[in-house]
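In structure tokens, the next block holds one chain alone, the form predicted on its own.
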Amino acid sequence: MNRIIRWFAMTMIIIWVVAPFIPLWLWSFSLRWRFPNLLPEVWSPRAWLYLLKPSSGVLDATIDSLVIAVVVTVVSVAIAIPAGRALGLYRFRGKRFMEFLILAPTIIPGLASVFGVHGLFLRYHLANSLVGVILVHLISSVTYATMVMWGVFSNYNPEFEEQGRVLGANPIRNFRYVTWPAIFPGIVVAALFSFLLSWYQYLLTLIIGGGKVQTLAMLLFNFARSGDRPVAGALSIIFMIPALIVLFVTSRYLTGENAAVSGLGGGR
């Protein structure tokens, strides 16, 4: 009975994930598809052939999107590890205020804050640049990455590090062989959130990039707005593939089976 329920649940999940792709695949290979036909009347690879051309801008947009998302992910995780450790393990003066600052980007509407940031970026010549887009993406990515690492370190037992020091491990070896394996699942989840937040970001890229920084999200919106559904459908598939690959690679760390080392002494 449990096996039947498990297979049913897996089947429903697969259908839930795959179902949105079916209309996109159909649109991407259609030349004419009118209501109420269930399938396209005329099939054509026109959309895919167009996107493969250098003039479509897909390759450049993909490279820019990957560069932005990867840099944002690395920087977000690098900031989130010490910030999450401080918030999860220690009590210090001003901790409540720091918690509020970290949570603020999730409370304040992004559209309201980004216009203030845009004015600041114009003054320092960061608007309409790749660096400016990366910096504005970090606002939300660092927040969510820090929240993940905060939860990881709240369940982390620092006594294992003390045992490592007693056994003669220096700080670098202690971090490499004790701390890193314990928090690695949390780092993967934080990186996943950071990558996806940056990869799917459109509004901040539009305002700060000023149309000069073309990511796949920007390109997809432009084609969708133009009414060319076959090209928009094909580009949607290309747009989702990297995110699905990242999600598939990190999926094993999204369960509670890979929690941080915990035990006696939780926090300080």
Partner chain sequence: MKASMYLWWARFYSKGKVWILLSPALILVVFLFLGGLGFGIAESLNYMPIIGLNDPNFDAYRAIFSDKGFYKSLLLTLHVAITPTLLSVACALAFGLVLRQSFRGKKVFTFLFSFNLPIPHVVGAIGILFLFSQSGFFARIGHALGWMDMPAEFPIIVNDPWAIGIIIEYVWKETPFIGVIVLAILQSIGEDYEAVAQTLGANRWQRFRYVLLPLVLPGVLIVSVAVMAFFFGDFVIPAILGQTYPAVLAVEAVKDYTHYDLRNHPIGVAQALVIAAIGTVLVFLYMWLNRKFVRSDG
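This structure is a prediction, so every number in the text was calculated from the model and none was measured. Numbering follows the first chain given and starts at 1.
One more form of this protein, predicted in complex with its partner chain, exists but is not displayed; see below.
Its partner chain: the contacting residue among 68, 58, 240, 213 in the model of the complex [heavy atom, 4.5 Å]: Of the candidates 68, 58, 240, 213, 240 is the one lying within 4.5 Å of its partner chain in the model of the complex.
Contact residue in the model of the complex, chosen from 31, 224, 63, 52 - any heavy atom within 4.5 Å of its partner chain: Of 31, 224, 63, 52, the residue with a heavy atom within 4.5 Å of its partner chain in the model of the complex is 224.
Whether residue 178 contacts its partner chain in the model of the complex should be assessed with a 4.5 Å heavy atom distance threshold; does it? No - in the model of the complex, heavy atoms of residue 178 and its partner chain never come within 4.5 Å of each other.
Its partner chain contact at residue 108 in the model of the complex, heavy atom, 4.5 Å: Yes, residue 108 is a contact residue.
I'd like to check something about residue 90: if you look in the model of the complex, is any of its heavy atoms closer than or equal to 4.5 Å to a heavy atom of its partner chain? Flag for residue 90 set to yes.
So in the model of the complex, does residue 200 come within 4.5 Å of its partner chain, heavy atom to heavy atom? So residue 200 counts as contacting its partner chain.
So which residues in 7-35, when you check its partner chain in the model of the complex, have a heavy atom no farther than 4.5 Å from it? Read in sequence order, the residues that approach its partner chain (within 4.5 Å, in the model of the complex) are 9, 10, 12, 13, 14, 16, 17, 19, 20, 21, 22, 23, 24, 26, 27, 33, 34, 35.
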